[in-house]
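Just the one chain here, laid out as structure tokens, in the form predicted on its own.
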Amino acid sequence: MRTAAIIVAAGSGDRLGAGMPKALVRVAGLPMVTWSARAFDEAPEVECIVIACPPGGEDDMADAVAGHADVHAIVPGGSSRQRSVAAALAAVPDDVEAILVHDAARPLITPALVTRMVARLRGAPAVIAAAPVADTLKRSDARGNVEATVDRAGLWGAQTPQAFRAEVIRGVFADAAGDELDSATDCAGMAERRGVEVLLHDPGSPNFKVTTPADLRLAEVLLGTGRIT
């Protein structure tokens, strides 16, 4: 399948305390977005990469990936994550058959993971990276006290990339109203609400989202030592 990758890189990075867009924060010597762009560029299935960046940051984003990945387009993102995906989706060529959506804040993605997910997509409309929940889950009340222990059996934590047949994700976004684009936290949830079957794929290696300085330090260690395969 002809495959395109969308990298959502429009986050502000406020929680990271970086003072710049999160995707441009350096980890193991490279801007965070570069790791994702390079992984998609090295995956043989991916023919097109589109990046959604903070409005006005197109040149900085282009500089970050220059020499590391052949990027089809860099577009200004929207006021929410899903609006940024919609903006990038509009720049994806019409003839692609599969589209992967990935957060630049997950720099541990590998070409091998992309290949495995595209392979599974051949038999399904959608496949997302996810990991079984390992921690005991607690529900709190309004005062911050434990209200209940939640059964974790069958629970998974959604990650990215999230892969879709092109006609599926285009249809989902064509059908979405403005309030959904403002409130939805991932593309898979939007697809599920329309009855789309979504498969789960465990990456089998760390694929966490860099949100805090501690996350950044851990990603630095893993990427710097080459322990991600």
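All residue numbers are counted from 1 along the displayed sequence. This is a predicted model, so every value here is computed, not measured.
There is another form of this protein, the form predicted together with ligand CTP, and it is not shown here; the text below is about that form.
Chemist: At the 4.5 Å heavy atom threshold, is residue 78 in contact with ligand CTP in the predicted complex?
Modeler: Within the cut-off, so yes.
Chemist: Quick one: does residue 105 come within 4.5 Å of ligand CTP in the predicted complex, counting heavy atoms only?
Modeler: Result yes; residue 105 sits at the interface with ligand CTP in the predicted complex.
Chemist: Quick one: does residue 8 come within 4.5 Å of ligand CTP in the predicted complex, counting heavy atoms only?
Modeler: Contact check for residue 8: yes, within 4.5 Å of ligand CTP in the predicted complex.
Chemist: Looking at 96-104, 130-138, 147-155, 114-122, which stretch has residues with any non-hydrogen atom within 4.5 Å of ligand CTP in the predicted complex?
Modeler: Contact-bearing stretch, as computed: 96-104.
Chemist: Along 168-183, which positions have a non-hydrogen atom within 4.5 Å of ligand CTP in the predicted complex?
Modeler: Heavy-atom contacts within 4.5 Å come from no residue here.
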